[in-house]
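What follows is a single chain, given as structure tokens, in the form predicted on its own.
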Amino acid sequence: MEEDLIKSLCGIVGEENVKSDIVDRYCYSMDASLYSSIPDVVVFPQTTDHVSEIMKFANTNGIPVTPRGAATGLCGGAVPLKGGIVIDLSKMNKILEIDLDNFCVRVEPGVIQNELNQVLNKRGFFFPPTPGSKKMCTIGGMISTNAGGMTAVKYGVTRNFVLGLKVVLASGEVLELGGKTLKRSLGLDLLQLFVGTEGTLGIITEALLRIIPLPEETAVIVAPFKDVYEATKTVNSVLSRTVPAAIEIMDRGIIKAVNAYIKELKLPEVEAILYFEVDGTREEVQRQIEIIVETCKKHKSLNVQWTADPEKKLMLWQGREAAGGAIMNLDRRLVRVYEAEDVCVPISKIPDMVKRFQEISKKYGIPVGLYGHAGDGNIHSGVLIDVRNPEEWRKLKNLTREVYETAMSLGGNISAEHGIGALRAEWMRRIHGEGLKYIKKIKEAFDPKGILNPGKLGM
């Protein structure tokens, strides 16, 4: 980027908030995915006006802009594929308003999910969507990918908690959408249009979020199974009687990896383990525990454990929470690659998807550990390959294709909560069919020059 253009950006946000050194730019060339591309400049706005002026400048000069939060995404959504400007929103990290009378909170996009809940918990409230990256991920990123997490089975995903947004368009125009009312019937819903669009239509600079009271009590139930298919069938049986806050699963491979990662944990090395979290009044929690324990035993679970003790709950949850970081312990010679890792199927099809996943893994000789949010059919995978071997990459591509095709044939989809980004962009035609041309027309209406996060979502 020419020096006079960088000086113009310095004039908007101050020289201290513009980074153009190659070392700084390299640090902003990647997220948690396989993709990397170096931007021309990194800018740190601190207000909506800053973002608006940056976008006016970029639009006038035809410069690509990639918004970025904590860069915990797994699909290349925060990678500047076309170079240009990366807008790092991490300095816009204020909680602007907590309105307990209207059960909402207004925040800037750089607020971290876990830190928001720490503040809300002290007042007896919480923001339910809980991604695995909750200690790092930002609210802006969660809205941009419609993040889910463990509690989605009961509470829903991020979309269900967005009441309002302030969004800067490619032109620099600022839209204020939604409000504190819980219901509205006002025609086309522009507010929800921006959720899950990964910064391709506009940049979120404020969010109004719904919050709810903390439950009186929570408990955790852990149920090991000798048969992974019996475990997956248990999920449907439980949900036909009660709706826990979370239902999680780990297969034998993940259990083995977690035990190697946290040796003192000593999880039973069975074919699968189900984790349940229940919440509500003490009476509701006790009744849910009874239902779940009874149902698990009917499906031949071994030695079901449960507790409502806060310290013991953390200990029991340790295994599931360590799953993502432990996967490479399946085979230390191999590396985890984030492909075929976020499929979602109807709940009744979970046993079929798990069975087919294992068959595909065996077919290509690629180790795969399965875990995820069984309560809403969202299966994550830990796929391991020798990244130095070109043949392994070829087999991985075929494995991914078969996994995606299986999920869609079962009435599911190829991403439940991680998004499309660059990783799954080539699948947009398969996912949306003729609808893709209308998606592209919406993109053109909001961003006629195509400067907002180009190369993502197949656009």
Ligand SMILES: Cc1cc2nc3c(=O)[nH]c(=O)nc-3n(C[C@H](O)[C@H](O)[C@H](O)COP(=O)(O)OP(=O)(O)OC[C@H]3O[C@@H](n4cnc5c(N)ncnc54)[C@H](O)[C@@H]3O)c2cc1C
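The model shown is predicted, which means the values in this text are computed figures rather than measured ones. Residue numbers here begin at 1 and follow the sequence given.
One more form of this protein, predicted in complex with this ligand, exists but is not displayed; see below.
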Each of Gly253, His299 and Gly382 having a non-hydrogen atom within 4.5 Å of this ligand in the predicted bound form: is that the case here?
no
Looking at Ala147, Val86, Ile273, Ala257, which has any heavy atom no more than 4.5 Å from this ligand in the predicted bound form?
Ala147
Considering Cys137, Val228, Val162, Ala223, which brings a non-hydrogen atom within 4.5 Å of this ligand in the predicted bound form?
Cys137
Mark His50 yes when one of its heavy atoms lies within 4.5 Å of a heavy atom of this ligand in the predicted bound form, and no otherwise.
no
Heavy atoms within 4.5 Å of this ligand in the predicted bound form: does Ile247 have any?
no
If we define contact as a non-hydrogen atom of the residue within 4.5 angstroms of the partner, is Ile54 a contact of this ligand in the predicted bound form?
no
Using a 4.5 angstroms cut-off on non-hydrogen atoms, would Gly375 count as touching this ligand in the predicted bound form?
no
Per contact check vs this ligand in the predicted bound form (non-hydrogen atom within 4.5 angstroms), the hit among 175-183, 127-135, 233-241, 207-215 is 127-135
When this ligand is considered in the predicted bound form, the residues of 192-224 having a heavy atom within 4.5 Å of it are Glu198, Gly199, Gly202, Ile203, Ile204
